[in-house]
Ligand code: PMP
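A single chain, nothing else alongside it, follows as structure tokens in the form predicted alone.
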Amino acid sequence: MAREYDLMPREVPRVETPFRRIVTAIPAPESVATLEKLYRFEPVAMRGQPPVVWHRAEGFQVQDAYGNQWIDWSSGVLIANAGHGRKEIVDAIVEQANSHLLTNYCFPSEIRARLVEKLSEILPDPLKKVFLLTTGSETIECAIKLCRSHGVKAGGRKKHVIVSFEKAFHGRTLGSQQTGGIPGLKEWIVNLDPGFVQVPFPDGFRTLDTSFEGFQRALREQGVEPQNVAGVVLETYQGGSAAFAPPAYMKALRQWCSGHKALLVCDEVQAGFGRCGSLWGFEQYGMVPDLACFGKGISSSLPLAAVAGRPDVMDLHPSGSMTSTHTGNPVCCAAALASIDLVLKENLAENSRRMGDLLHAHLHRLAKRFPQIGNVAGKGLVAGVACVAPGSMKPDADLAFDVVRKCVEKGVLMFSPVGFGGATVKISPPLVITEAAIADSVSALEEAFAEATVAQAVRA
């Protein structure tokens, strides 16, 4: 069930720490006119996030125009890996805009050449050809096309099945939602393509069987012959829960795909560019996919995405048959080059690992205090805190919503993820966050859980 925030300003305690400041009601009374305008002119589907009107964002903090400041636990939905509003990225955008080359479709540009070369240099073999797009959903659509093209070429027209995972989120377009594993998000499709099948994700929490035999058994139960699988697509970690698969499972999956001439696709849209404590999320598994999909953190700012893959796969389609209107937009490329430079020069993957270790230690401590925390998942600077009903493992979306709302009122900002019925508190700050800011934001989370669980007990 979708939950919306009330636009009636709510009086909340004042907050003043070195990193957080709340000095108005929430939402800020002066912001209500803007929020009402958005409600009037945008679809209802846009109303899922806390009623905070962003005005300025720098580093790991977001400010409104009314004196409030939040530690950002969203990274703007995992975009601002190198930090919000970095001068180096702003300067690169301004310099490119001042050149008056704002777009060039698929006509060649020097800056697009620089970006695809840079990505090829820092990606491991065999991910050596790069196709630039605009959004993560586009990259999944492209990966589906490449998997099926490769499958049909290798094994005939029966080799077209795309295997993905339950509870996965891969985007909002037709193909990406059929690849996704959240049934409620694809009811609108009506006529689902039978060539898309989902198997359980081995998270060890909702799916207790983490053996690779579980993957093979699920295919048998759905009548899928391995020789007919064109590709296996998975989020490097599941976006709705931040859960990773066991490395042994992923290595077995890598071998299985190679043995059956199926492409292995890692959706790195949330996981790439240092987020998981390594430059690429798939490094956590000790293997490399055939195709990798990137977006969000690639530029820490502007819309850009990429598919990287084996040259023989990326070159399956002839000249002019795989294009996109905004492919490698020059201003977006400038932002991406600057962001990648920051991630590498400042070793933000390592900072993500170190700060992530601290974050996860705090979260596991909270899990011992609150039985309503059923699981803590994630690596590096992404975490999912699963809220469950007291005395059970049933997802508790109401508790998660209440915790998120209270955190926002205390100066910690986050977004509400899909998956597990909205019962996960998702934590994904910019990779420049500091130890002191981690401790400060976790203290707000602890207060929020304490207040929300007491209120829950009173209601019961």
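Here the structure is a predicted model, which means the values were calculated and not measured. Throughout, we count residues from 1 along the sequence that is shown.
As for the form predicted together with this ligand, it is not shown, yet the points below apply to it.
- When this ligand is considered in the predicted bound form, residue 309 lies well away from it, no heavy atom lying within 4.5 Å.
- Contact check for residue 171: a heavy atom falls within 4.5 Å of this ligand in the predicted bound form.
- Using a 4.5 angstroms threshold between heavy atoms, residue 137 counts as touching this ligand in the predicted bound form.
- This ligand is not shown here, but in the predicted bound form it comes within 4.5 Å of a heavy atom of residue 270.
- Residues with any non-hydrogen atom within 4.5 angstroms of this ligand in the predicted bound form fall in just one of 245-253, 277-285, 128-136, 100-108: 128-136.
- Contacts between stretch 272-293 and this ligand, counted in the predicted bound form as any heavy atom lying within 4.5 Å, involve no residue at all.
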